[in-house]
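What follows is a single chain, given as structure tokens, in the form predicted alone.
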Amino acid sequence: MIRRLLASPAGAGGLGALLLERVRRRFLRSPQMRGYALLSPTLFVMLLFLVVPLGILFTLSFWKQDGLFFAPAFSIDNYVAFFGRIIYSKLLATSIGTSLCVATATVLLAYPMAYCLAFRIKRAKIMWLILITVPFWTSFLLRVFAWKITLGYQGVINSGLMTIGLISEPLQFLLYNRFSLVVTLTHAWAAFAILPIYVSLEKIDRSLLEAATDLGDGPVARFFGVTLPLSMPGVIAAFLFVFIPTVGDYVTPRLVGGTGGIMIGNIIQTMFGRGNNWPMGAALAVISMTTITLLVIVTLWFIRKMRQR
């Protein structure tokens, strides 16, 4: 058959078409290949807009800044500078600690709301979910400025307390510190914590709760023995959704954090901006991402071991 195709006017073109047809049929018959075909657009986008920029960032972290230009020579001076100046490591640790506080506060506030949606509200759950997410349809900057006005020296809280006579002068701790930063970020990321916890609670089999009740468990014992353990995947997902992006946030600390709320993201932004030291900024970004990734991996490994026990 191959000789006939080669001898025909189409020649090698006919053989190529036959081979392509056979490859196409085998490709369509394989479930794995069909799955890869469906994933290929997403994988291409991730490769182009995520992997490639990360590779460029990692390569740039080993270069040097020579005035307005880069010196593409392999060097670890930027990493040595990070470990040589204690301020960088302290700032990274402070940023991680602040993000841990934000993630913890967000999950603690989001869990009751998600629990109410999953177990208490019987009708119009879609409407309640829309009402919860409506405030987050506005600009992130508008919500940050709203908290800045609320917590400001002449803001809503200080003005209200001074009007009713509880304080004689504005409270200084409400703005431009870690407290205002945690409050603002907790509100900004609340929806990202409510939704995964709600989905996890909604999937709990209600017959398990009924069985726990039949065995004599009260509401508190039923919650800690059944509901909370089964909803932990949503809690962990919500915690990570909030923790990971807030470590590198630099807009919120600059607007409401002041000098007492500076995070590692502000230093990285300064290096890429006014500092004009892109290789050092890239090195700080790589170290931050690596540290966060290791923390997440170790945490997930620890949680997995605890669940196995």
Partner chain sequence: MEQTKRIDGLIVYGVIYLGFLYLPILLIPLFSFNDSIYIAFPLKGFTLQWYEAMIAQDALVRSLMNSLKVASAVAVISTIFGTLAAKAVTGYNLRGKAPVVAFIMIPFVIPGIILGISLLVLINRLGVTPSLLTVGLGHIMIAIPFSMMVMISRLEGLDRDLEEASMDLGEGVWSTFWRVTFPLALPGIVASLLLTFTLSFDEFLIAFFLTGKEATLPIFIFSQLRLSQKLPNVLALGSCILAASTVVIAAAEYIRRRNLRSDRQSGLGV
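Numbering follows the first chain given and starts at 1. These numbers were taken from a predicted model, which means no experiment stands behind them.
Heads up, the form predicted in complex with the partner chain isn't pictured, but that's what we're talking about next.
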| item | value |
| --- | --- |
| Heavy atom of Ala190 within 4.5 Å of the partner chain in the model of the complex | yes |
| In the model of the complex, Ile194 touching the partner chain (heavy atom, 4.5 Å) | yes |
| Touches the partner chain in the model of the complex: Pro170 (any heavy atom, 4.5 Å) | no |
| The partner chain contact in the model of the complex: Gly265, any heavy atom under 4.5 Å | yes |
| In the model of the complex, the residue from Ile86, Ile126, Ile76, Ala73 that sits within 4.5 Å of the partner chain by heavy atoms | Ile126 |
| Within 119-133, the residues that have a heavy atom no more than 4.5 Å from the partner chain in the model of the complex | Arg120, Ile121, Ile126, Trp128, Leu129, Ile130, Leu131, Ile132, Thr133 |
